[in-house]
Structure formats: C-alpha cells, structure tokens
Ligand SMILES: C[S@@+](CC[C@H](N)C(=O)[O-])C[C@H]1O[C@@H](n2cnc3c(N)ncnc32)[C@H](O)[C@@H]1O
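In the block that follows, a single chain appears as structure tokens, in the form predicted on its own.
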C-alpha cells in the first residue's frame, strides 16, 4: 500500500489513548515548578514532555532538542530529568522566558535581591524613558510612570540571572497593567478595564515566581541536576540549526498551529517596552521598530509573501487544492506553512543521531470547511525527510490551555457565545519516528 494511503488508514482507525490524556493533571501540576512564570499561548502541558522523555530517553544523559522552544516546557522537563537540552525560537521574548525558567537561583539570593529592589524602587528618581510611541496607546501616563520606576529598580540589580528573573516578572505584568483585554489573545483594547497598581501586581507575581523557583532549586539540588546544561537560541527554525549533524538524541516539539496565532502580536508589549532600551536589549529595537517585517518571519503567520515549492506530501497538495477553491489567500498561508515545516523536518533529521527519535505534538483543524490534516501531512513530510518506524498517538485534550472554539466561517478563534463556533483541537496527535 502506498505511504499516503497507509498514513490515511492509520489515522482513520486511530483511537484515543487514555494514558496520554492526563485527565487528572490539574492546574497545580501543569503549572508546577517554573512552568507558570510567564503567560504563553498554546503551550503543551509538561506531562506530555515528561512521558515522552521517560519513554524514549529512559536512562543516561542524553541531548533533547526543541526547535520550537516557545516558553521552554521541553527544556525545563529535560533538565529535571537530568538531560542536556537545546531550544530555538524566533521570538526573543520566548528566549528570555526560557532562560529564566531553566535557571535555578539560590532562594536566599532572590530573597535578598527582593529587599534591595524595594529600596531601589523607593529611591528611584523621577525617570522618563524614551518609549516607543505605541506604549502610549496601551498604557495611561500614571501607569507608565509607575512601570518606569519598577524598570529602573530592576536595572539596578547587578546579577545577570537575577535581573533577568525580575525582568521576566515585569514582562508578564505588562499585559495586566495595560489596556489590553485580558481574555483576548488578539491585541484588543478593553475600555472598561480597571488597571491594577503596577507595583502590587508586579510583586504578587514576583513572589509567586520566587516560591516556584525555591521548589525548582530544591528538586534539582536533591537530584544533582542543578548545573545540567540548557541552551536557548533565538533562531528561525526554517533555517539551518546551529548544530552539527548527528548531535541530538531526542527531539520533542509542538509546531505553531497554522494561521492560529500571530505570536509576534501576543508579545508586542514586551517587544515594545524592551525594544525602547537598546543599551540593555541589543537588537530588540529592530523587532519593535520593524514589527511588520519581524512578524513575517513567523511560521503560521498570515503576513508572509507567497512561496513556491514541493510539499513532499500528497495530502498537503490536496488540502491546498481544496482551499484554492474557497479562498486563495488562506490557501497561500497554509501552503507557506507546509513549505516551512518541510524545511524543519529536514533539519531535525540532519541533527538527530542515527537511532534517535523525533516526537511532534500537533493537532488537526478545519478552515472554511476544509479539513487541515496537519498531523497526517507531518507524517508524510517526515517520511520524505528520511524518518521511519512511525508511531501515531491520538490524545484527547480535556484541559484546554488555548481557546477551545473557532468561528466556522473565518477559522479564527472565538468565544463560546458565537453561534458559528465549533470545537477546536478536541484531539491532538503525537507523531513519533526514528532516524534509521
């Protein structure tokens, strides 16, 4: 039977596996340790990563890689299990979050620095930074002045890792203190929003992070994994990875969902704020000042120019043909996504050791009535890249960490009150293949 037909049949007959639903994993487990440092869209729960590492890297020190590192879930779990890890993400905010989450700091150091921070804050002069003009769109003037004082006090912290820890809390707090509608993943103004006191809001989240760091530090110290290497790079994963071939034992990643999120938009407040401080955030001003160009580089964005090339997937070709009959721009977006993912799978194959495994967590969806079979396309593209011995796992998603509904017509995420809503991502798939 041809490979395409085999894949289609395998997915058609696939049943959800209960042990992969993690139905009993409550919020306290999914946000344990450093996993709740910073809000991040569509992040997978750490239980998935842990099970994959335990199943496919059960002993010895191995190297785990996540080409779409996001907020660092894979790298945190790898470190806690004693494995070295490497991650990439095109978003500098993702790099900042991941580096913070994977760095365990002595609890006493953070407690002492918190006290120093309060003194720095109280003695802060009347500072006024040269902010990006969009800052005034998202924040009122009194809030900006308060945030300036907090930012000034943070920059007085000398220890690099500790200063980054405080900056991560500051970044998380920006949405709280802005006019941004809290429940929205889109940049939407909430005219009725009551903005909290910036200092109180910042300290509340900082104290939560300090507590979680204490648990993280203690657990790593007890297991002897405190200094296990984790490296996070800002990289476009459609380009060549900065790794020699045959260096990675296990890849675990969840690619961005096609046309689902504008990831650059979601973190624009941090990009705008830190981008206005080129002395401490080198090159970040390029991301904020040239935001549209930066946004175009993201996989799954609708801002890219049309590309051409082979998909290495018969299923993908059929999807694009069907979308072309409905809406050409949407077809172009999805085609660009599949072309980008083809490059990523080729790079994953290159850097994996022979005998290594690639684990892709991905969901299918529907746009304009056309089924977008992302998992099946991934399976085809991986086989075309040289992967073999496929294992397909279907898991129900009982506890959603992303918006559960889409608009039936537009395919965009929507609220539960929309009469045209349909359930999005009720199931997702784990595609596991070997490099042989």
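Positions refer to the first chain, counted from 1. Just so we're clear, the structure is a prediction, and the values are computed from it rather than from any experiment.
If you look for the form predicted together with this ligand, you will not find it shown, but the lines that follow are about it.
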Listed range touching this ligand, judged in the predicted bound form by heavy atoms within 4.5 Å, from 212 to 220, 122 to 130, 187 to 195, 229 to 237 = 229 to 237
Heavy atom within 4.5 Å of this ligand in the predicted bound form, from candidates 71, 334, 351, 316, belongs to 71
Selected contact from 63, 42, 32, 393, since only one has a non-hydrogen atom within 4.5 angstroms of this ligand in the predicted bound form = 42
So in the predicted bound form, does any heavy atom of residue 91 sit within 4.5 Å of this ligand?
-> yes
Proximity of residue 180 to this ligand in the predicted bound form, heavy atoms at 4.5 Å = no
Heavy atom to heavy atom, is residue 254 within 4.5 Å of this ligand in the predicted bound form?
-> yes
Though only this chain appears here, would residue 299 touch this ligand in the predicted bound form if you measure heavy atom gaps against 4.5 Å?
-> yes
